[in-house]
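A lone chain, given as structure tokens: the form predicted alone.
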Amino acid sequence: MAALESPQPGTPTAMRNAFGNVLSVLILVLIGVLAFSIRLFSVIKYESVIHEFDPYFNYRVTQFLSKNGIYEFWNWFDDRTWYPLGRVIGGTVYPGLTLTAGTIWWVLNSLNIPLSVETVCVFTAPVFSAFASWATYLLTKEVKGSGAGLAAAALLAMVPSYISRSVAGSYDNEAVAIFALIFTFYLYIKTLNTGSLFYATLNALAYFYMVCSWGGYTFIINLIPMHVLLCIVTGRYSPRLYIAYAPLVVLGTLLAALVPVVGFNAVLTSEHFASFLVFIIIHVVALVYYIKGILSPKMFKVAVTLVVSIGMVVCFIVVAILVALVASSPTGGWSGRSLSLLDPTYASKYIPIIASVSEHQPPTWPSYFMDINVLAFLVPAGIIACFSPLSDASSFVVLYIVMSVYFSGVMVRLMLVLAPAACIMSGIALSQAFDVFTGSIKYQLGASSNSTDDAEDNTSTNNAPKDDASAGKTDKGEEIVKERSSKKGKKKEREPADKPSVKSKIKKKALVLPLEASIVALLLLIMLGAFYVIHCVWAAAEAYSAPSIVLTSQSRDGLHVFDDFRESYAWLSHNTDVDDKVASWWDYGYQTTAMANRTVIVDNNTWNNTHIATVGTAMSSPEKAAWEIFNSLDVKYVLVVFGGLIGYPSDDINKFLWMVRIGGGVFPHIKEADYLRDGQYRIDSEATPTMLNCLMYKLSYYRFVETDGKGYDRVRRTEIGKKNFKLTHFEEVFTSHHWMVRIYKLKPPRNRIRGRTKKLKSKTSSGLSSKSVKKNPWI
């Protein structure tokens, strides 16, 4: 019992523990500084600016929140998006990120720290990356100790997969959602280890914050029930498991239903049904264990039969209700993205709008090495370490890594969910490896010193006088005679104590490696960590720091900056009326609304597939038909992105087939085969007439031949098929410096009406001239 007690103050053990705790806190502070600073390359190399597309919408919403308050935010109807439908922002957005940044801005301004909303939004992701690293430490510490926790936190602070979504300026939902995900898992494991209802309540609150922040909360509400079911099946049920799970389902579901974008979906969609089924199962199991403790074996068998029968009936009724709810939905109660995860081919078959997003595509093998690097090789070692010994906490992280590997293989965006699991497993592997190698070195060095001491003792004994030796022999013989009788009586008592010590010695010897092998392995691990650090710094500085709104290119002449997007949005803001409507593909809707402050037809929310299909149909149609579609939507300007001059591959021509597919899914007269030549997508002289005459082709390549006299497209690496043509229903009003953004204005319909009226006037005048015309007597 004395060994289990805490060390007395002032003892060497207590001093060692205190020093270790202080050192751990210092290391965690440095890890937080590292996580924050490594994400500032985008600000240092470029400027403090919002990145990508979705962050601009979040920034615009945060501006509205900070200016008008929380109540106006919940009731905000945005008439500048999805014209003429509009959008209710408060009921269709996950508010966690916006409320977090708005609260930070309000607190800072209350403390007389006058930061702008944009500055707060830019640095929110780096700050929460430090929080995520600390949460990873807490989670891994609950599984395998503080050493593994520190290693996992350091790995997460630098992992490229997480950096790609949390650099300064990446103001997206994942910026705070990954912290919420890890912290929810930590509180679940903490409750599982302690059985504390306090931590169970905090777990439900953390889950509520995750629901507010990101639609990926369904990963939590499915992974935890899977772990609970795994514990029940493997005979690891305990009251701590019940306390960890039951409050989460009850409180978590009630709180999730309070989020407007979720609402009753928390109890009506298939993504949540697994948690309810496991909730029933764990209550049946808890009742069985309770009855077992108060009844005799005979009565227990009868009671178990009754309880199991009633439980099966209840489960059957619940399953029947769920099946009825699922059968009433055309998608089985699942969302399109969830079905894409369960069936990777579903989106490409039925929902092209989901399949068209690049981050919804499956990843390639090189992307794993790019995003998690050497962690891919350390994860298997971490899984093995979790099985020695296997606990409830270690089984959870094993299940976490298995499920995250599957989902990341389906959708490249979910590499972000894999990153924390890979860091946890790699941290456990590194910690265990360092313990073994350093322990082996200490053991080998200690053994060598002991052997030297023994040799010196033997030498001194041999050089002693013979009288002392004979005296020693006499004393030794007397001791042997005295101890023989006591040894016979105590032989049976000593045997049980000796056996475990022998086993422990065998176990220790099995973990001891040769001195040279331990030193070489330790050096290899250090080199592996150095390579990981170099790769992460390179990824943060070069691969993920450039904002998509500002592009750069390195050549012999130096660094070239392409600021065409902001140039174009500024032109729209200064040269068009406030109420003008701008049509573009949905990728640029958020940026157009936030930066140009103009009304758009579609944007990145993609909630209305028919509206997006209408724009896709217009882009795929001939010029006259496209003009009629856009004119019916009150569109005045059309914006297209073109990269053929500078070699920008993410332009509208490369996205055009998705416009055709999405438009053809709603309007059957648009057929993908009409735009392909022998199954190939071409823009040269071999392209089909339908392709050469569609609006997207004309708006992209209008006057393009004037750039070099040939019309050579650097992205498609070919000369365009139709070079010299004129526009009849659209007129070019702006082309950016590098031809990346081109804006066209719809010609007014009165031009065509005037032509018709002139013809009608000429016909009527010729007809009247042949007849006698009476003069007006009043003139």
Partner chain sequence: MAARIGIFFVFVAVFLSISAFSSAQDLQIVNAERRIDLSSHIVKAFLTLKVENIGKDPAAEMLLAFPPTQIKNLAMVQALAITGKKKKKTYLPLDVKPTERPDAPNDTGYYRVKFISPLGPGETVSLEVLYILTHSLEPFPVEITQSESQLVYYHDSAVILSPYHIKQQTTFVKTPTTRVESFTSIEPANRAGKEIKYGPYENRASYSYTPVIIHFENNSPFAVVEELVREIEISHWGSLQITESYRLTHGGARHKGVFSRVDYQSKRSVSGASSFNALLAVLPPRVNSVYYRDNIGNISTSHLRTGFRKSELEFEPRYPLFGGWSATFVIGYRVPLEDYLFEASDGRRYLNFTFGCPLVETIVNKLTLKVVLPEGSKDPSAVLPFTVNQELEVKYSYLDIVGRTVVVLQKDNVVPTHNVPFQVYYTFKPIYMLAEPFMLVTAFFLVFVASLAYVHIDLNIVKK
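This one's a predicted model, so the numbers in the text were calculated from it and none came from an experiment. Residue numbers count along the first chain shown, from 1.
Absent from the display: the form predicted together with its partner chain. The rest refers to it.
Exactly one of the stretches 627 to 635, 265 to 273, 698 to 706, 200 to 208 approaches its partner chain in the predicted bound form with heavy atoms within 4.5 Å, and it is 698 to 706. Looking at its partner chain in the predicted bound form, residues 170, 654 and 679 place no heavy atom within 4.5 Å of it.
Screening 78, 623, 684, 118 for any heavy atom within 4.5 Å of its partner chain in the predicted bound form leaves a single hit, 118. Shown without its partner, this chain lists 578, 324, 294, 111 as candidates; in the predicted bound form, only 111 has a non-hydrogen atom within 4.5 angstroms of its partner chain. For the chain shown alone, residue 595 is a contact residue for its partner chain in the predicted bound form, at least one non-hydrogen atom being within 4.5 angstroms. With a 4.5 Å cutoff on heavy atoms, residue 36 does not count as touching its partner chain in the predicted bound form; it lies far away. Not displayed here, its partner chain is approached by residue 561 to within 4.5 Å at the level of heavy atoms in the predicted bound form. Shown alone here, residue 735 lies within 4.5 Å of its partner chain in the predicted bound form, counting heavy atoms only.
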